[in-house]
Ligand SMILES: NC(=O)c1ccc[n+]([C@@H]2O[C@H](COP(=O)([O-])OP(=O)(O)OC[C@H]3O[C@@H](n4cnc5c(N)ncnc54)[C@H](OP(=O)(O)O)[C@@H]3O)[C@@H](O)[C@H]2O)c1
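Just the one chain here, the form predicted on its own, laid out as C-alpha cells.
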C-alpha cells in the first residue's frame, strides 16, 4: 500500500546526547523554551498531530498551539490507542468537544469505552483486529483532507512509522544532557534492524544552532 506523494509526514522530537527522549521515570522536559517555540510554530503549520497512547498516559499533553500567535485553529489531535486505554479525564478528552480529536483503536477496544470516548466529543476510528495498520490509517487521513501531519510520538510509534516508510522528514533537537538509564526511552524503540546496513538511511538537509542553550536541531529527509 503506497502513500500519496503530496502527503507530508514529519517526526519531531527532542533527545539527549545519549539518545533518550525521556528519563527512566518518564520525565521528558528536554529542550529549551526557544526550542518549544520552534515546535509550536511547526504545530501551527500542520493539519494534525499524532501521538501514541503512552505519551498521553505519561505526559497528559494538550497538543495545542501555544507560545506563539496564530490565527489558525489548533491541528486535529490523533491518538494511536489500540485497546482504548486513554484516560477519560485526560486533557485530550476533556477538550475534545472544542478541539477536533480522533482516537484510533482496534477491535480490541470495548464498545463501552468507545461510546464513552464519543460522548466526550472525540471521533473514533477502528482499524484492525489487534494491530493498527498505520499505512491504512494515514491513507484514510489523507482522504479526510489531512496533508501535513506531525508525529510527536514515543519510541515505539517512531519506530513503526519509520519502519513502515511513512515518514518524509525527521527533525531532532539535541540537548546537551546525558541521562543514561537502561529503561529510559530512546528516540526509536521497536524491534530494530539486526545489522547496520539494513538501517533506514536519511539525508541531512539543515542544521540550526541555539548557542544560548547549547542545542542543535537537525533536519533529515527520507
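Residue numbers count along the first chain shown, from 1. Just so it is clear, the model here is predicted, and its values are computed rather than measured.
Keep in mind the form predicted in complex with the ligand is missing from the figure; the text below concerns it.
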| property | result |
| --- | --- |
| The single option of 36, 58, 68, 177 touching the ligand in the predicted bound form, heavy atom within 4.5 Å | 58 |
| Listed residue that, although the ligand is not shown, lies within 4.5 Å of it in the predicted bound form (heavy atoms), from 160, 168, 32, 44 | 160 |
| Segment assignment from 140-148, 115-123, 92-100, 79-87: heavy atom within 4.5 Å of the ligand in the predicted bound form | 79-87 |
| Contact test in the predicted bound form: residue 185 vs the ligand, heavy atoms, 4.5 Å | yes |
| Interface membership of residue 64, the ligand in the predicted bound form, 4.5 Å heavy atom rule | no |
| In the predicted bound form, residue 132 touching the ligand (heavy atom, 4.5 Å) | yes |
| 4.5 Å heavy atom contact, residue 26 to the ligand in the predicted bound form | yes |
| Sequence-ordered residues of 146-160 touching the ligand in the predicted bound form, heavy atom within 4.5 Å | 152, 153, 154, 155, 156, 157, 160 |
